[in-house]
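The form predicted on its own is given below as one chain in structure tokens.
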């Protein structure tokens, strides 16, 4: 890749310096070069290339961060593998739900045993979970074998933190409470050659009463549009045909820039990039979804016919308590407007069951929204109490048996509607982006329609990354069997 060659040239240039430069991007290239020296010494000692494994928990924002970490590790000289027996293991953590934290603690116990067998093993923890003070204190006291701990705001410092650990051989903890800094042009290694995630903003200003994200990801910071477009142009030159624009609330993109720009305007700019065939984005907050955005989507030839529009609850009373800034009627009117302007749109959503104080009528209001909007799919969650959020302090938490009953009723309704919706494309010929060889039948390939639905059809691995015409012969619930035409 051209970009890889440019990065390598910068790393080599930094090796001639006696001290790190002030420019943050070049500073990290300097530390990548310094880490490379240590990795080469380790390679000589082990008589093999040192290995690294990055384990990602949580959302697509975390997945994108992991690609950056992997890119930096590769430049240091590590071989990337998917095995926690690796010489360097990084857990990129999530903390949206409590069980995510418990999962990390459980797996750290296994890493401790591995480290006892491999004295060279380095263990790093990063991501949202690390922004919680009680987590840091627990790691200090109970997991002293962990080598590096950092959070969501200073991921760009990863190379520098690794260098400090190589030098000191002591636990490095570097947690920032917040930041307004965005560091561009660091190495990144994509999981797929033909599609990529692109951060357009970081953080969140919404402070929904159940959500810990604003506390661990910080306030909203938008990237400059010219930096976003440059990144997308480079991705297109490298063979990427589909991009996913990422942000906690993409609809509020650009408000804090020196020269404000709307998300709808950014999408118009992205559409003009040659080589990009498909544009996706997430996540959209209903309160900020503008008529301009609907119009851009309606007229676009590249934006996919899929919109993820989290409702969380159908109860206006609970939505107010959740600090969502819309009510049931407003949300339904927005969904109707979107469907009227873009008739073939696929709407998906997030729904929380068991929010504190939820009554049976509140739940029935949620069921009513599901039945009226008729989502193509929905991510349904049982409310998870997160320490530090307003909802966690409530004394009207819902009994577990009530929550489970409501959750099962909601899931049944969502699945029935989704199955009914899925069949509406049967017999049609649609564009499909081929993503992989089918894992159950190697004579088939698996691709994704514009609305995000999967299609399996006969094909070879050479089709991966191509957009092809496929006739949808049979709907099998939540996927299609098709035939390339």
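Not measured: the values here are computed from a predicted model. Positions refer to the first chain, counted from 1.
Heads up, the form predicted in complex with 5'-deoxyadenosine (5AD) isn't pictured, but that's what we're talking about next.
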**Position in contact with 5'-deoxyadenosine (5AD) when the complex is considered in the predicted bound form, options 186, 382, 367, 294, heavy atoms within 4.5 Å** = 382
**Prompt:** With 5'-deoxyadenosine (5AD) left out of view, which of 223, 103, 115, 97 would have a heavy atom within 4.5 Å of it in the predicted bound form?
**Reply:** 97
**Prompt:** Among 211, 312 and 350, does every residue place a heavy atom within 4.5 Å of 5'-deoxyadenosine (5AD) in the predicted bound form?
**Reply:** yes
**Message:** Can you tell me which of 141 to 149, 406 to 414, 229 to 237, 383 to 391 lies within 4.5 Å of 5'-deoxyadenosine (5AD) in the predicted bound form, counting heavy atoms only?
**Reply:** 383 to 391
**Complete:** Restricting to 41 to 76, the residues within 4.5 Å of 5'-deoxyadenosine (5AD) in the predicted bound form through any heavy atom are none
